[in-house]
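Here's a solo chain for you in structure tokens, the form predicted on its own.
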């Protein structure tokens, strides 16, 4: 029978062990398959029920003390080994390495700020509903009053996937919204669009747009102009020099394009197309254009980011210059 003095001596040996190999040997000596405590447990089969209970309590207490001592000594030896290694090979007085803190991408910053502006104006974002990158030709073209012979439908300008298309504009969400929501409608949608464009300083084949749609029985062009002027001022934090140019879009009438003046480059840059929702678009969605009017516009997110951050090439937003991207802070 193992006595209390045996356990006391065993604990002392464990605490004085100075390497992990000897410590493991002591573990096996006490707790291994043929260890002293293991053997004592095996001999309990010859004892009475009361004797078994008393002995089991003593042995479990011994076992617990041995396990705790081994675990504590193992931690002590590991810490000692780490300290020794550091003292030989590391200079802990050196300054720490530079930490690279993550940043929100400039495009996402612009989207977040636009979302915040339109939320304040009572618009609802449908970027999780009625927002599909793979669209039907009807939603992307037909329901938006784009005729079948329009050049945008050709294989040279649109990416076709069987009977679907990769949407060429976020305006493709308009038919879904108009059909599923009763006016008045105040909606915005953010998403990627796809066009067969040759990449250059202001064009990439995949980019981001925001579509804004407002429909009620009192809507006028002045509501459109007020909304555009306000959000441009909000985004850039100051009143910008902008111009409205008469244009043509099949899904709006009248239609305009809006340019922002770039003083350093001394040129105008188009950032969005807009207009009053075409009566045929309303009619295609089941609404009476004699009773309802609306405005819609689509803005290029990358173009806004380029102007705000002073970038000369839209491709910089997709490059690997982390210092440039990290330095873009729209909320500063």
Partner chain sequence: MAITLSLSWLSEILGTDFDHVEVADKLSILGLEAEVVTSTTSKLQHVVVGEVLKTDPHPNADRLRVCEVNIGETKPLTIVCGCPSVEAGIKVPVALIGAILPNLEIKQSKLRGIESEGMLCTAMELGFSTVKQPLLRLTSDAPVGADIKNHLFLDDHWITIEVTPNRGDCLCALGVAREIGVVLSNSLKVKPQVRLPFDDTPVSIEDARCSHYGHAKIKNINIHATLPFWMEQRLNAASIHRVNSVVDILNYVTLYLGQPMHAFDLDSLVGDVHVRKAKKDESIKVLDGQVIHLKDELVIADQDAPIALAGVIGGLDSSISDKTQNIFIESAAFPTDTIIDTSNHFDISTDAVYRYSRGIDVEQVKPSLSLAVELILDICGGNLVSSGFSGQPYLMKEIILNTTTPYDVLGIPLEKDEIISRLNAFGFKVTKETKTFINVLVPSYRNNINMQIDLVEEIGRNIGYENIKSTSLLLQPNYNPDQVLKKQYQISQTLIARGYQELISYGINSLHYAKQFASEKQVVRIDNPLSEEFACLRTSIVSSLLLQIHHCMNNNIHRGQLFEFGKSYVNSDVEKRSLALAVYGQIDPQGFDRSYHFDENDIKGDVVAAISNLFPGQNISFRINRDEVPLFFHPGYTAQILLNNTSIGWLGPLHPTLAQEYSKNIYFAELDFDALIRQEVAFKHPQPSSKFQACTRDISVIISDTVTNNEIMECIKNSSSITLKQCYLIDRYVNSSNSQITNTYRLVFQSREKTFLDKEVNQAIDSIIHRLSEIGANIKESQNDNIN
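Think of the rigid core as the biggest set of C-alphas that the two forms share within 1.5 Å after superposition. Fair warning: this is a prediction, and the values are worked out from it, not measured in the lab. Numbering follows the first chain given and starts at 1.
The following text describes the form predicted in complex with the partner chain, which does not appear among the structures shown.
The partner chain is not shown here, but in the predicted bound form it comes within 4.5 Å of a heavy atom of residue 221.
At a distance threshold of 4.5 angstroms between non-hydrogen atoms, residue 242 is in contact with the partner chain in the predicted bound form. Although the partner is absent here, residue 78 lies well away from the partner chain in the predicted bound form, with no heavy atom inside 4.5 Å. In the predicted bound form, the partner chain lies farther than 4.5 Å from every heavy atom of residue 141. Only one of 45 to 53, 24 to 32, 279 to 287, 62 to 70 lies within 4.5 Å of the partner chain in the predicted bound form by heavy atoms, and it is 279 to 287. The three residues 103, 108 and 127 all sit with a heavy atom within 4.5 Å of the partner chain in the predicted bound form. Looking at 106 to 134, the residues that come within 4.5 Å of the partner chain in the predicted bound form, counting any heavy atom, are 107, 108, 111, 112, 115, 119, 121, 122, 123, 124, 125, 126, 127, 128, 131, 132, 133, 134. Core-superposed comparison between the shown form and the other one: the CA of residue 200 exceeds or equals a 2 Å shift. Shown in the overlay between the shown form and the other one, fitted on the rigid core, is a CA shift at residue 162 smaller than 2 Å.
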